[in-house]
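In structure tokens, one chain follows: the form predicted on its own.
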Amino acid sequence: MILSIESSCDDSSIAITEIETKKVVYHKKISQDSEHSKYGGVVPELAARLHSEALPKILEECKPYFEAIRAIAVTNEPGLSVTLVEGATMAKALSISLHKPLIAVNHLKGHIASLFIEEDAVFPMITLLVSGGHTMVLKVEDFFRYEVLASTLDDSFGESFDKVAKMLSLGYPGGPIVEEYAKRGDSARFDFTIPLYNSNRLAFSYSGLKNQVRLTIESLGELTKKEKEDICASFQRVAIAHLMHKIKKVLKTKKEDIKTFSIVGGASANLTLRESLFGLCREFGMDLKLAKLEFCSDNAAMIGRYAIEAYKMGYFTNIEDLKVSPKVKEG
């Protein structure tokens, strides 16, 4: 089995995965949402302290599996440096004490692996990754070969939801709250413009849309609940329309004969986004592959699923070479 650790942001998670069957025999995640909500976003130092408390508690439950462990996997990039260090430190200690090799896992590759938790992988595919500060479309050849087809120039899809929620004083995490408010709102009330609509550039941008929302809020003064719902609905409509517009351009130029489209990352749990992508895939004759909702947000099971493939390939990391990085390193 592989023991995997995830601590890239504000979720403390450990999983145990069988190498041959890919079965997740143990998985636990402790969220910090309630602790960070009062601040309107994640406070890195607080997140690190909470990881230092939660991860050892979860690990205590994993001791019955220690004899079967063959490797220790851990997220090392990208994420918050101070929280990544908590997971990496635990992984190094386990590697030394259990005499098992380390596998460093890129968090974004883990999200792609979330599509295949407890099942065999099918490649190639075009993937929309909407996780944290990242929004990109990738051509995925296999677990280790990726080509970026489009990425964000500034804010990400998920970040824009969090920032709109903060501007409306709706709380944290903002994505699910904005989505819920949008269900009751009039999506046509505010005519926000779709970013980069007249540009042929294969890229995303959400800073301008976020600014349109800010100006609208300022113009209305003290907002009623109905106005907040209408703003959320109008914002979500345009935010998703922007994704669909650019993804269409990508598929028209980069699709080749690929038959599978997938979406991964925390924001992939947005049901309106999923419905839009189902329609897009029908238009292009593609199948839509989705991760289970429980594995869309950060979790150690996805890290373990990627680590199975790395283990089979012998892709191990020397303990002295295990470094954390807030950004994705080239290559």
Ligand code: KG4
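Keep in mind the model is a prediction, meaning the values are calculated, not measured. Residue numbers here begin at 1 and follow the sequence given.
There is also a form predicted together with the named molecule; it is not shown, and the following applies to it.
Not one of 13, 56 and 87 is positioned with any heavy atom within 4.5 Å of the named molecule in the predicted bound form. Comparing 130-138, 115-123, 220-228, 250-258 against the named molecule in the predicted bound form, the single stretch with non-hydrogen atoms within 4.5 angstroms of it is 130-138. Using a 4.5 angstroms threshold between heavy atoms, residue 107 counts as touching the named molecule in the predicted bound form. At the 4.5 Å threshold, heavy atoms of residue 155 stay clear of the named molecule in the predicted bound form, well away from it. By the criterion of a heavy atom within 4.5 Å, residue 262 is excluded from the residues contacting the named molecule in the predicted bound form.
In the predicted bound form, the named molecule sits within 4.5 Å of a heavy atom belonging to residue 296.
For the residues 69, 46, 286, 269, the 4.5 Å heavy atom test against the named molecule in the predicted bound form is passed only by 269. Along 149-186, these residues reach a heavy atom to within 4.5 Å of the named molecule in the predicted bound form: 157, 158, 159, 161, 162, 173, 174, 175, 176, 179.
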